[in-house]
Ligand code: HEC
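Just one chain follows, in the form predicted on its own, and it is written as structure tokens.
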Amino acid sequence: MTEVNTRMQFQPSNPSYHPVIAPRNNNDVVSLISPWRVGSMVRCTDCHNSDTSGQGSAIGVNGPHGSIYRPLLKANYSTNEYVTESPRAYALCYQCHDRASILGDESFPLHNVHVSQGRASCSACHDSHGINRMRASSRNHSNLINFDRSIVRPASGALGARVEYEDLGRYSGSCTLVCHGVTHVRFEYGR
């Protein structure tokens, strides 16, 4: 479910959120690159900024005053279906998250299969801001999991038509959905 009030997405009482208002309450972020670490806080301008800011350009302007990347992002973030994974496709994500860690399946054992082979965008599974506690619980929306309904479809069958994620513990979970034509019904993964 999409939340339109961004302030509500960053609340520390939410099941998961990017740490804009308070540090994260989850230590399972193994992919952070220096200087980021568990407990770091981010500012809106760490993501939303001019695409020329901080590049030593005489014309570069700091602050979200314009960018070639929507919505005023400082680097590219591809959110379409069937994106070919590359440092450029997810340049925004890779400013904080180590590409080798993500593609090496350090936190989710099927990242590489989904992102590289399945060409699923990060946004197909993850909500970049956070998930409002009024709309979700930590059992079904931890780790910024909030499926993009323009990409993911409900899985139908004996369980009814559902799009569902269930957190089953550290680095493990279960998904029920249809993504890229593949139906998953309580598909479990873990390390």
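Model, not experiment: these values are computed from the prediction. Counting begins at 1, following the sequence as shown.
Separately, the form predicted in complex with this ligand exists; it is not shown, and the next lines address it.
Using a 4.5 Å cutoff between non-hydrogen atoms, residue 51 does not count as a contact of this ligand in the model of the complex. Contact between residue 125 and this ligand in the model of the complex is found at the 4.5 Å heavy atom cutoff.
Using a 4.5 angstroms threshold between heavy atoms, residue 68 stays clear of this ligand in the model of the complex.
Mapping the unseen interface onto this chain, residue 172 counts among the residues with a heavy atom inside 4.5 Å of this ligand in the model of the complex. Along 112-144, residues 114, 115, 120, 121, 122, 125, 126, 128, 129, 143, 144 each place a heavy atom within 4.5 Å of this ligand in the model of the complex.
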